[in-house]
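Shown here is one chain on its own, the form predicted alone, set out as structure tokens.
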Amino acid sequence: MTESAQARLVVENACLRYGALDVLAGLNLTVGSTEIVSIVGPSGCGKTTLLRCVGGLNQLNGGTIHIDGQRVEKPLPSVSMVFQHFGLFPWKSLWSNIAYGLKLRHRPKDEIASRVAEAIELVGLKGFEQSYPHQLSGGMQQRAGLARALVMEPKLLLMDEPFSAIDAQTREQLQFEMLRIWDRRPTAMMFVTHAIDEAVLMGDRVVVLAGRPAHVRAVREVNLPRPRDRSVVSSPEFIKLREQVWHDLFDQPGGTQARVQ
């Protein structure tokens, strides 16, 4: 995705400073209208901060972010975000959690009902509509968080290490579930992760961030066929890409190694 005219998201010369600490410096990035861009980088390099800037939750000190030509200066209704720790309201049922954003926008009741039902079925939680978060497993809670984002029908989906707080088996299951959902409903996505395998599996491109302040160190095209299933992770192409991203992350000037969570 090189032509910004074709991009849903365009980040140009993004700079962010907290006091005397430079977090982002001259960072440029695009995401196409139905492209998944995985973001990896050393711990604390600014991956989540970049995502929050794109979501309008943090403001840049310099540079610009545009989504479909609109400058991001606050959260936009066309953008949804899925967090690492689910973010469900414990006092609301699954149905009410997923319907929350639509109710805030004062959508008609029949529209809310149909869209929530569709989102629940899409993430495989049909039958749990009246369950509360404490009655759901970690994987089910994360599915609920995903449904709450998808029900808004976002043009850009921001994923902040969404599977890192759950066990390895559930994580793998949800990775392929997310790919299945994307195949059914393609949309632009930024997927922040500290797992190299996950970055390659999910992405059409992998963007490697480095340094403090963060900048784009490398971009890897992921020319693996879609839809993707478990067989892709043992393919020579996947293994080669994983090694390339590993070296992008760990081979630092002067022979030092970056630290990744």
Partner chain sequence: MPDTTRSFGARVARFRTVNAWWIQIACYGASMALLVAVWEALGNSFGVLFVPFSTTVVRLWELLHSGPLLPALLVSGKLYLVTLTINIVVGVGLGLALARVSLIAAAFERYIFILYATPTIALVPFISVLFGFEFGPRVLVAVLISIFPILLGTMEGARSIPRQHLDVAAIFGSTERQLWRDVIVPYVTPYAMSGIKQSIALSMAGTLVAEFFLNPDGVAAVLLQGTTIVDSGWVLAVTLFIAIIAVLLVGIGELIERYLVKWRKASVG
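Residue numbers count along the first chain shown, from 1. It should be emphasised that the depicted structure is a prediction, and the values quoted were computed from it without experimental measurement.
The form predicted together with the partner chain is left out here; the points below concern that form.
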property: Option touching the partner chain, based on a heavy atom within 4.5 Å in the model of the complex, out of Gly127, Pro186, Pro75, Pro108; result: Pro75
property: Interface residue in the model of the complex among Ile181, Ile120, Ala149, Ile166, criterion: non-hydrogen atom within 4.5 angstroms of the partner chain; result: Ala149
property: Non-hydrogen atom within 4.5 Å of the partner chain in the model of the complex for each of Met81, His85 and Tyr100; result: yes
property: Proximity of Val216 to the partner chain in the model of the complex, heavy atoms at 4.5 Å; result: no
property: Proximity of Tyr132 to the partner chain in the model of the complex, heavy atoms at 4.5 Å; result: yes
property: Contact of Leu57 with the partner chain in the model of the complex (heavy atom, 4.5 Å); result: yes
property: Proximity of Arg52 to the partner chain in the model of the complex, heavy atoms at 4.5 Å; result: yes
property: Candidate stretches 169-177, 132-140, 109-117, 187-195, one within 4.5 Å of the partner chain in the model of the complex by heavy atom; result: 132-140
